[in-house]
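Below you will find one chain, with nothing else, as structure tokens; this is the form predicted alone, and questions on how it binds or moves follow later.
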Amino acid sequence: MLVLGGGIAGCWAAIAAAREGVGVTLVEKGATVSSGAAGSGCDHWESAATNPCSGVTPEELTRAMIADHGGYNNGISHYIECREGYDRLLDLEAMGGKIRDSEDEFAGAEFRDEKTKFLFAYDYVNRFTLRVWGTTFKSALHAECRRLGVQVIDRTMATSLLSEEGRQGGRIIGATAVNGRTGEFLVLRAGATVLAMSRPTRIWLFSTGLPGLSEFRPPQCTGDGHAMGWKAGVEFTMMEKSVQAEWSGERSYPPYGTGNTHNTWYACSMVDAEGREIPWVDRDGRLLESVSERYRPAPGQRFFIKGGGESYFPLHDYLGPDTLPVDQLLEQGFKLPFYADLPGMPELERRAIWGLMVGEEGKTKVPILQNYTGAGFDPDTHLLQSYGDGWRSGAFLPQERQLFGLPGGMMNDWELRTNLEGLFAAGDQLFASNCHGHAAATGHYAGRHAVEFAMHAADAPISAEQAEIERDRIMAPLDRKRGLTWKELNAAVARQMQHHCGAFKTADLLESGLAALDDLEEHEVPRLRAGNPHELIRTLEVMNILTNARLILHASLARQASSKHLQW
């Protein structure tokens, strides 16, 4: 079996398959021990509905997720997440990952269960989201892959899917790849293949000077699997959905590095320039007098799901200061700038945010916790200013977009198979993908079902012609001594997408955008150059970015109707 992508979903797919006794090869563009969107950590594990403290069932939670997005959600993958997410968490603990407050750092906290030593986030009554030590997870997964005998091929980028008889839409029987250190070209054959790569990024926003700030996710997560899948004939849905950007581009502040109230910082107290506290209210507008109330459902509310900004139904929503427009707060007499008031919170809540959550979330342990602490920030005495529009990390224009908040992706059935025989998908490869727990649960699930398929798959030879065409395509930039660099093309694609596929869309705009991308494909891609295998990987990534931009434009043209749930 072949797994493409060594992030969370890919590692879990490989582990599940290897435990069934089949040979597994995992191909990863980076270093599997720390690569991927969650390679640097995660601070919470959503939807662990089967943990012994949970007050909701997997069925209730899945239905709520679907309803809160008006039906534009992947009920299959999120049911798998809700049903099996806690099992994967226990597996991680057995591998050496830390999921409990074993040192009793938070003994006596309202969010702690004294029997299990689990720490919970967001809804303290229903307790289905756990605070975890996610920086311990990726290394544990990598070690388990090695222990099980998974063949891990690091620093190697998958470039295309190989199909039976070389036909688009045919059964997938392997893939091609190139090593980013040596330039070696690989042809891989498999009975079943699991795509477990990232969602597309750097589509609308890219900084040539500060490429590391081009996306919330790692900048090398460029949707390579989406591009490969589309060329092979995979069916997609919801690719027309995009949201206004945050935590991206050179005008952004580091993720979770400014005062706010959402996700990692939920439910932090906020004050204005004169120290006046900005109120928290529940879904019905009832003023919450204490910090404890912010973590409890409203009267008559069964439970709530964090992330009110992505919810359209108050049944499972919550409200807070960050849901109020800044101009409305100014009309009420509040004065800028606003600040996160960690010193004004109970000690255990303060330490849970600054230390545990900020310390374990991806992209925060070093750039935020370590650097801010080294610069003298003390959460016991200091406020942290909120920039941009008052709550987010930067103020972005309507045309500056991201594929964020349950974006589009590959269609799947109940085995997480795509429409192509022999090809399975997991994690961010799926439409309406979510966070760490979703990637873990769907990766393991896809791996199990891919094994079943591989066991009975008929042997099929690789098309030498298909592999040779791909080798010639990807190696061409190495043969050019002069021409265009990958950064220049990435900037050009982003500019065209801002012009033609921003907040406002019309058929004429979208058609014009496709024409502009066709022009880049015809005249600029043949000029791309790469001086070495490392630059070749960066170049191939941008070629995939261009392909994904075309996919998004075609999806947008097909929609022909506005939808608030798709922010379209």
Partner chain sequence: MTDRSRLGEGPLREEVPAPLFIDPELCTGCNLCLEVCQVDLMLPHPEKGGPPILRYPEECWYEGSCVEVCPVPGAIRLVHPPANRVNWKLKESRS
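Residue numbers count along the first chain shown, from 1. Everything numeric in this text was worked out from a predicted model, so none of it was measured.
Quick note: we don't show the form predicted in complex with its partner chain, though the next part is all about it.
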{"query": "Residue contact check: Val33 to its partner chain in the predicted complex, 4.5 Å heavy atom", "finding": "yes"}
{"query": "Its partner chain contact in the predicted complex: Asp101, any heavy atom under 4.5 Å", "finding": "no"}
{"query": "Partner proximity in the predicted complex: Asp224 to its partner chain, non-hydrogen atom cutoff 4.5 Å", "finding": "no"}
{"query": "Residue contact check: Asp341 to its partner chain in the predicted complex, 4.5 Å heavy atom", "finding": "yes"}
{"query": "Option from 366-374, 67-75, 224-232, 121-129 whose residues, in the predicted complex, bring a heavy atom within 4.5 Å of its partner chain", "finding": "366-374"}
{"query": "Pro254, Leu383 and Arg538 each touching its partner chain in the predicted complex (heavy atom, 4.5 Å)", "finding": "yes"}
{"query": "Of Glu465, Glu289, Glu274, Glu165, the one that lies within 4.5 Å of its partner chain in the predicted complex (heavy atoms)", "finding": "Glu274"}
{"query": "Proximity to its partner chain in the predicted complex, single hit among Pro279, Pro211, Gly405, Gly483 (heavy atom within 4.5 Å)", "finding": "Pro211"}
{"query": "Residues from 40-54 in contact with its partner chain (non-hydrogen atom within 4.5 Å) in the predicted complex", "finding": "Ser40"}
{"query": "CA-CA separation of Leu510 and Gly249, closer or farther in the predicted complex than in the form shown [shift of 3 angstroms or more]", "finding": "farther"}
{"query": "Pair Ala549/Gly249, Cα separation in the predicted complex versus the displayed form, closer or farther by 3 angstroms or more", "finding": "farther"}
